[in-house]
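Single chain ahead, by itself, as structure tokens, in the form predicted alone.
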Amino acid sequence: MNQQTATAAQIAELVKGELKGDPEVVVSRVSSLKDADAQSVSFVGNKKYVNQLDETKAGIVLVNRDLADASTEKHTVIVCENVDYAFTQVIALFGEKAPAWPVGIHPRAVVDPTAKIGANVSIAANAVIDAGAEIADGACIGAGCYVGHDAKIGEGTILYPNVTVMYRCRVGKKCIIHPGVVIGADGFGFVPGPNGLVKVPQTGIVQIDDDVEIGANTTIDRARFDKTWIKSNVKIDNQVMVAHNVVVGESAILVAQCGIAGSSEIGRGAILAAKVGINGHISIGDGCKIAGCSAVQHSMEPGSIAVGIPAESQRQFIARLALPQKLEKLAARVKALEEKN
């Protein structure tokens, strides 16, 4: 739903929040606290920003339950159980819709006669759909995309411009694949031969399950055999590298510039922060969290947290970080004792 204006009462009903202040305040846009005016709705998600709540000019501010006592003299407040989720709903209320995908095949698209094209599909200019490919109902294939031989694109999935899905690879339902993504390039495999390096055939596929989102310029390599597997509801940021035969569990999050080496397994709900590196042939357990720029060399138990290069537990990291200070204090005590003698 998109609309031009809404009252505080309407927004409170939408987000199922507790209204404090004037229910008739009318707003027409979402803004940051800093840039907001009387026609804006904004939010505070953390107590450390409470001073900005006093300074903002926003007409309506969404807050978490721990800020329920925030002042309402300058603006109306809506108290939410989960302010981040609530504000997401408000953005959808006012946000501009993306341009509609025109149903049909553009005259400058190339679709092989043996490809199977479902109902209400959009295929844009300069897209190529190769022999035996299947595009399910409601899928959208952007300009310059390539869908290879016998590849399958699921119902309602969006491939934004210049996405490549190589032969035999599979993309599930309601996925969002952003520009420049390459799915199914060969995995990186070579062995020494009598005349130099010999390429190892990469005979598997990439399988991407339903409701996956993949950021711009990410690459997911085909398996040496069997499949590289991205399970349902995984969210992958821009410029992530997933190597051959990797398995990424349901609802995992891979943030920008992560790199996962071949045959590793990432557990359900794991979070890999930006620039994390994962060694090959290891397992990251369900629910693990790995801090940005960490390099994980060994498998991690479910629920573990890892930090640093090489990655280690929080306790180990903090202990090692504190060690130089402890040594300085010890040296000062030794020096003081020597001076006494």
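So that there is no doubt, residue numbering starts at 1 and follows the sequence shown. Just so you know, these numbers come straight off a predicted model, no measurement behind them.
Note that the form predicted in complex with a further copy of the same chain isn't included here; everything after this is about it.
Contact annotation: a further copy of the same chain lies within 4.5 Å of heavy atoms from the stretch 178-186 in the model of the complex, the single such stretch among 73-81, 178-186, 115-123, 132-140. At a distance threshold of 4.5 angstroms between non-hydrogen atoms, Asp210 is out of contact with a further copy of the same chain in the model of the complex. a further copy of the same chain in the model of the complex is not approached by Gly249, whose heavy atoms all lie more than 4.5 angstroms from it.
Although the partner is absent here, Glu301 sits far enough away that none of its heavy atoms falls within 4.5 Å of a further copy of the same chain in the model of the complex. Using a 4.5 angstroms threshold between heavy atoms, Val128 counts as touching a further copy of the same chain in the model of the complex. Residues of 183-216 that come within 4.5 Å of a further copy of the same chain in the model of the complex, judged by any heavy atom, are Ala185, Asp186, Phe188, Phe190, Val191, Pro192, Gly193, Pro194, Leu197, Val198, Lys199, Val200, Pro201, Thr203, Glu213, Ala216 in sequence order.
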